[in-house]
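Just the one chain here, laid out as structure tokens, in the form predicted on its own.
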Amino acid sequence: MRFVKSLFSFSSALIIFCGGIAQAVTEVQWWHAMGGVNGERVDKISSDFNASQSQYKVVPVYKGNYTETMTAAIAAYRAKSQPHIVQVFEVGTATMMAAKGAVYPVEQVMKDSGEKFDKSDFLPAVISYYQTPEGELLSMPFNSSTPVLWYNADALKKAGVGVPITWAEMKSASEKLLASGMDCGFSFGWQSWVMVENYSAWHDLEIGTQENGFAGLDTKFSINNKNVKRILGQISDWSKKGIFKYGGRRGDSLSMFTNGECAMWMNSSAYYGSIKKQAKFNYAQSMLPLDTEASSSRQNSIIGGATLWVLKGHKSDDYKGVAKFMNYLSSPAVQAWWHQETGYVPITKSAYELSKSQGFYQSNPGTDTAIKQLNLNQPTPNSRGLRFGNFVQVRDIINEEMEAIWNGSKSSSNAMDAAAKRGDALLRKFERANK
């Protein structure tokens, strides 16, 4: 009798154990670069997806800033310990494309997994950046933004000036703002992205040959053209009067705007959450100013931010989970929530329309500025974006040379000539390594 009971107990345990195996959850590792509040939002998206089904569990892991995250993923792939998904910023696109055999194009992932995927719903200005010449989508757009002109509405009202539309008006408005008691007229962050890359696209100016690198690796920089040199030189002259103040390469100058020091600030639309939390004044955003000496009309701005790349080397069933998560991530409800919370643009037309129907733009005027800028005109070869090898390092070079302009050690002409020459050397190095 004892034997029968023991056998029964063993059989019951075996059934429970086997049932546990049958119900095992497949983990999907997602390495990302979203710190702080945005990191918490990434966690929420993941946990909500996990709660929506029982087969897969997305595990988000913060790996540091964009450069650190991409570098960690590449090293992990070489060590055969790579995640399923890694978030890579837009300037890392050429590097990821060159990682032959490592990348599983997201469009192919969706197709192989049998998941529905409507590529036509994505905003053209967002999706075009991450497609092959044949139109295949390489990575899933996630956090896309573009620089806008943030302004202190109370300060402009006090100074009796309207929102500047041109660079000439940026100067005159800043002079009146200084006269009214402001410490500085304007500043900007992510200066290479805002004042070289987007300034060029906004005025339909070439950033580099070969369609800004999209048409071939044998590209050369054009950032030392007369218009870029002139506008940076003018801003340097204005800084001597306090019209412009430099506050750092990335988002370091945010506090100069939110604490009321500078009345205007050019940087990513994705600072919406931070400005909403920190600013103690009425603020709004408008389109980037037009340099009428460079162009008579505005073209379109280009995106920043990052996409999600899928890495090869995992079990086929894992990628079914990846595909399901990508579908969830790009759904209208999730994208509308992400857009409204962060200021990143919704990656699909459906999410944009949902935000409109929810009254978000009516309640928060100006928050669709980034979307309007990106879709202002059909992108040209000069305004589609950029795809340069080693551009992470090139941006550091551009930043160094721009800082030499601000501190007066170089003229804008000499600095941008040096930036182009040093950048071209890195382009040739990348070309040789990827022929």
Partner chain sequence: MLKSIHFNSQALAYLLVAPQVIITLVFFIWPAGQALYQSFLIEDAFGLGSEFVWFENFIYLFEDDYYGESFGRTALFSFLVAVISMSFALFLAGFAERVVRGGLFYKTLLIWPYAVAPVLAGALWVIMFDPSLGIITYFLKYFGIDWNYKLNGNQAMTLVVMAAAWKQVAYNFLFFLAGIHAIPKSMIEAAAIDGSGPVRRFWTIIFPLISPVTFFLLVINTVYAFFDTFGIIHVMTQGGPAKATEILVYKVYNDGFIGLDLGGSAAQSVILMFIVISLTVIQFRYIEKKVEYK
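A quick note: this is a predicted structure, and the numbers were derived from the prediction, not measured. Numbering follows the first chain given and starts at 1.
A second form of this protein, the form predicted in complex with the partner chain, is not displayed here; the remarks below concern that form.
Undergrad: Give a yes/no on whether K240 approaches the partner chain to within 4.5 Å in the predicted bound form, heavy atoms considered.
TA: Because no heavy atom of K240 falls inside 4.5 Å of the partner chain in the predicted bound form, the answer is no.
Undergrad: Report yes if any heavy atom of E403 sits within 4.5 Å of a heavy atom of the partner chain in the predicted bound form; otherwise report no.
TA: E403: contacts the partner chain in the predicted bound form.
Undergrad: In the predicted bound form, does T67 come within 4.5 Å of the partner chain, counting heavy atoms only?
TA: Result yes; T67 sits at the interface with the partner chain in the predicted bound form.
Undergrad: Is K111 one of the residues lying within 4.5 Å of the partner chain in the predicted bound form, judged by heavy atom distances?
TA: Judged by the heavy-atom cut-off of 4.5 Å, K111 is well away from the partner chain in the predicted bound form.
Undergrad: On the criterion of a non-hydrogen atom at 4.5 angstroms or closer, are E107, S274 and L308 all touching the partner chain in the predicted bound form?
TA: Looking in the predicted bound form, the three residues E107, S274 and L308 all stay beyond 4.5 Å of the partner chain (heavy atoms).
Undergrad: Which of 25-33, 389-397, 56-64, 367-375 has heavy atoms within 4.5 Å of the partner chain in the predicted bound form?
TA: Selected range: 389-397.
Undergrad: Within 4.5 Å, heavy atoms only, which of F214, W167, Y246, Y361 is in contact with the partner chain in the predicted bound form?
TA: Of the candidates F214, W167, Y246, Y361, Y246 is the one lying within 4.5 Å of the partner chain in the predicted bound form.
Undergrad: Which residue, A294, I231, A99, V334, has a heavy atom that falls within 4.5 Å of the partner chain in the predicted bound form?
TA: Selected residue: A99.
Undergrad: Even though the chain is shown alone, can you say which residues of 415-435 have a heavy atom within 4.5 Å of the partner chain in the predicted bound form?
TA: Counting only heavy atoms within 4.5 Å of the partner chain in the predicted bound form, the contacting residues of 415-435 are R422, A425, K429, R432, A433, N434, K435.
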